[in-house]
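Shown below, as structure tokens, is a lone chain in the form predicted alone; questions about how it binds or moves come after it.
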């Protein structure tokens, strides 16, 4: 498993996107966000997604040129049409709008429809956090999750992310794991996955990677995960007037566009208290949680975001490990667009 420095991996990703017809400023954004996600150790939403994006681009199922358009803006609310553009570019525009509106109104809420996969939610929530705001990001997704007590996919992994000024960042799917973990296992020839991750195509729990890849993901916490996923569906697809449930495509399914909807909420902390006071209160709360005596088998209590920040520091020093299967897929993708892979 090669360890690749982040700048080299970013340049490789950018070259592939440029060769696939993506404008330079957008290619740089996508490459930056994917590699940043690998640095955090969230490999399911990192550079491995590039293969799927290039498949979409070469099939003509995603428009790398469009910038989307504002449909309406009313007070603190904005509706955006992504026009089947790059998900990361749609998210860049929408999170900027959310920040702008929150500075003026105290809270800004932007819903985008007709978008594409935008990588990990945390990148966009952190943009709002860096502006001194609480950032909340949600996205609906392809229907590969059965609702509680069902056996056919009707909901997506429908992630939720919250970032804020202070040492805490929550980024989670409403399934037990993100779909990318199944993709990673399959890319790398891993025959089995842990129990509790997935169903086969008939709705029977499975640990077989191939059956899971062709099947469905398990909702997080049973009926609670289904409820959270449907909440995200409502706040994204229903509210934005976009595709919902089985109307949504997917990055690994050819023949139709993805059509996901995304919601970006920015809350200006300074409307409640000075940012410094908020951060001090967050620090007290986090330390209060971390001071909990560790349960048997554990060395410490961690809070949301902490494992990723530690991994980011490590991988920034040592490089990003890319499993052989993932690297082989990336090299084949590069060959399709006549880009030479870096030596590793």
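Numbering follows the first chain given and starts at 1. Quick caveat, the model's predicted, so the values are computed rather than measured.
Just so you know, the form predicted together with another copy of the chain exists too; it's not on screen, but the next bit is about it.
- None of 252, 186, 151, 100 but one reaches within 4.5 angstroms of another copy of the chain in the predicted complex through a heavy atom, and that residue is 151.
- When you look in the predicted complex, the only residue of 246, 83, 207, 190 with a non-hydrogen atom within 4.5 Å of another copy of the chain is 246.
- Only one segment in the set 164 to 172, 85 to 93, 120 to 128, 207 to 215 has residues whose heavy atoms sit within 4.5 Å of another copy of the chain in the predicted complex; it is 164 to 172.
- Interface membership of residue 260, defined by any non-hydrogen atom within 4.5 Å of another copy of the chain in the predicted complex, is ruled out.
- Among heavy atoms of residue 75, some come within 4.5 Å of another copy of the chain in the predicted complex.
- Another copy of the chain in the predicted complex is not approached by residue 276, whose heavy atoms all lie more than 4.5 angstroms from it.
- Contact check for residue 293: a non-hydrogen atom falls within 4.5 Å of another copy of the chain in the predicted complex.
- Within 4.5 Å of another copy of the chain in the predicted complex, a heavy atom is found for none of 24, 198 and 339.
- For the partner-free chain shown, 267, 269, 271, 272, 273, 278, 281, 282 of 266 to 282 come within 4.5 angstroms of another copy of the chain in the predicted complex, judged by any non-hydrogen atom.
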